[in-house]
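The chain that follows stands alone, in the form predicted alone, written as structure tokens.
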Amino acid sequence: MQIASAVADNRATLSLNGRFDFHSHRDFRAAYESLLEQAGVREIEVNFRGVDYLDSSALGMLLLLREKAESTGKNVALSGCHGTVKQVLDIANFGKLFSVKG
């Protein structure tokens, strides 16, 4: 999986591309940890537009990000969810835990 990071104003965006699975753990953690340390960032948006697959370990990684973000006073939003990715997130009721944008 490839991860592009961008910060604008008080929002950081992690744009994911490819398969979001167990093998992505180290890269995903490295991408968001630096954002958690930035005081000006209030929200981390994870953009799934380029993701064609995610598994249960990816769900766990998102929950861990949410927990760490909340401990630093930040929100996590999910965007660009479509197809199978949207179905998996819906089945896992992630809409109740995260802000989900179109």
Partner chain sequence: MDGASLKILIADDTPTNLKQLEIVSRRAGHQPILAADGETAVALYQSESPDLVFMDIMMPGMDGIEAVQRIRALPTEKWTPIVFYSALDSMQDILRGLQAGGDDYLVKPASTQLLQAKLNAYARLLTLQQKELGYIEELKSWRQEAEEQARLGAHVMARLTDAEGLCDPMVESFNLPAETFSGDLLCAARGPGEVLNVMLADAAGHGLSAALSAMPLTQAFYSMTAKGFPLTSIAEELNRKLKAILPADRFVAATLASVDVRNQTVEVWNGGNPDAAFLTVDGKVSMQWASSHPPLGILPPALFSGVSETVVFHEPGQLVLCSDGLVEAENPDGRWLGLAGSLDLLLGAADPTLRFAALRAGLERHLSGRPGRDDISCMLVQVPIERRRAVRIAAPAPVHRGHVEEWRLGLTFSASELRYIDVVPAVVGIMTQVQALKPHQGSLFLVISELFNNALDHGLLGLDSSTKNLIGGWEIYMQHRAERLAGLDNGSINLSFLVHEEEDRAVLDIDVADSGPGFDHEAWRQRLESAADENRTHGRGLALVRGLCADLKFPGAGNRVWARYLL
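Numbering follows the first chain given and starts at 1. Quantities reported herein were computed from a predicted structural model and do not represent experimental measurements.
Below: the form predicted in complex with the partner chain, not depicted.
Each of 84, 92 and 96 places at least one heavy atom within 4.5 Å of the partner chain in the predicted complex. With the partner omitted from this view, the residue of 77, 59, 31, 36 that lies near the partner chain in the predicted complex is 59 [heavy atom within 4.5 Å]. When the partner chain is considered in the predicted complex, residue 11 lies well away from it, no heavy atom lying within 4.5 Å. In the predicted complex, none of the heavy atoms of residue 27 sits within 4.5 Å of a heavy atom of the partner chain.
Among residues of the shown chain, residue 69 is not one whose heavy atoms approach the partner chain to within 4.5 Å in the predicted complex.
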